[in-house]
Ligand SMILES: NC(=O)c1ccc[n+]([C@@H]2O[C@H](COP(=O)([O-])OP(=O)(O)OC[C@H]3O[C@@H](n4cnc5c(N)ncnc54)[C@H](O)[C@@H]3O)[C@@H](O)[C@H]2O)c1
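Just one chain is shown here, as structure tokens, and it is the form predicted on its own.
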């Protein structure tokens, strides 16, 4: 590894910072990569989608890797540190929610559960583990876990994604407490329905966009750039007193609580 930058390096506007985003080639992750790049940050995108990576804007580095494989996570962190001299922000975003996972628990294939667990949970752990080692040396850093509205409330036929996303919340809480005195903040973001390929696949399996949009008080589903804006704020010095907590960015959907349709993602 190259020599680390001075202890406490921080920026109010993300300029000059080094950012690693997993699952950054598509959807929310891509919007996060682009938003950080627009601020002047050095951005590293970790993903398995070579085709999507070919269309990434100039100035975003692509590292091919599967987050469920710990050596791939270490390689991405090492690339950021070797290339740019440190790592200021890690955005744990890579996740899958295959249409085949929309079944009742007793119908969920074990191999599908294992794959979702390895990417959506273990991948976050592996990346954070190696990022923290760098951030502790710097005495500064931010980790943002991409969770989900399904981490807070549930529906039928999501026995894997929701429980795993709830674990992403607890990761942020535990890591945030663990490393607060090391100058590292850890937070999570819980998007509502956002217009991404993942949600498009979900809608195809579960129901139409208009129906889902109408259940949001704002009257529409969200845009990836709106989640990216929240990530930028949480990772900036403006949020320096925010750690070990979650921010829901869901168009007000979660505020319905028990008064909402009890089966909001049900096909029937």
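Remember, predicted model here, so these are calculated numbers, not experimental data. Residue numbers count along the first chain shown, from 1.
One more form of this protein, predicted together with the named molecule, exists but is not displayed; see below.
Asks: Look at the stretches 103-111, 88-96, 135-143, 178-186 and give the one with heavy atoms within 4.5 Å of the named molecule in the predicted complex.
Replies: Checking each option against the 4.5 Å cut-off leaves 88-96.
Asks: Which one, 193, 80, 128, 164, lies within 4.5 Å of the named molecule in the predicted complex by heavy atoms?
Replies: Answer to the contact question: 193.
Asks: Establish, in the predicted complex, whether 26, 49 and 65 all lie within 4.5 Å of the named molecule, using non-hydrogen atoms for the distance.
Replies: Spot residues vs the named molecule: full contact, yes.
Asks: Taking heavy atoms and a 4.5 Å cut-off, does residue 71 contact the named molecule in the predicted complex?
Replies: Outside the cut-off, so no.
Asks: With heavy atoms only and a cut-off of 4.5 Å, decide whether residue 199 touches the named molecule in the predicted complex.
Replies: So residue 199 counts as contacting the named molecule.
Asks: Taking 4.5 angstroms as the cut-off for heavy atoms, does residue 76 touch the named molecule in the predicted complex?
Replies: Taking the distances in the predicted complex, the answer for residue 76 is no, it never comes within 4.5 Å of the named molecule.
Asks: Is residue 119 a contact residue for the named molecule in the predicted complex, using a 4.5 Å heavy atom cut-off?
Replies: Looking in the predicted complex, residue contacts with the named molecule include residue 119, since a heavy atom lies within 4.5 Å.
Asks: Taking the named molecule as it sits in the predicted complex, which residues of 225-253 have a non-hydrogen atom within 4.5 Å of it? Please list them.
Replies: Heavy-atom contacts to the named molecule in the predicted complex: nothing from 225-253.
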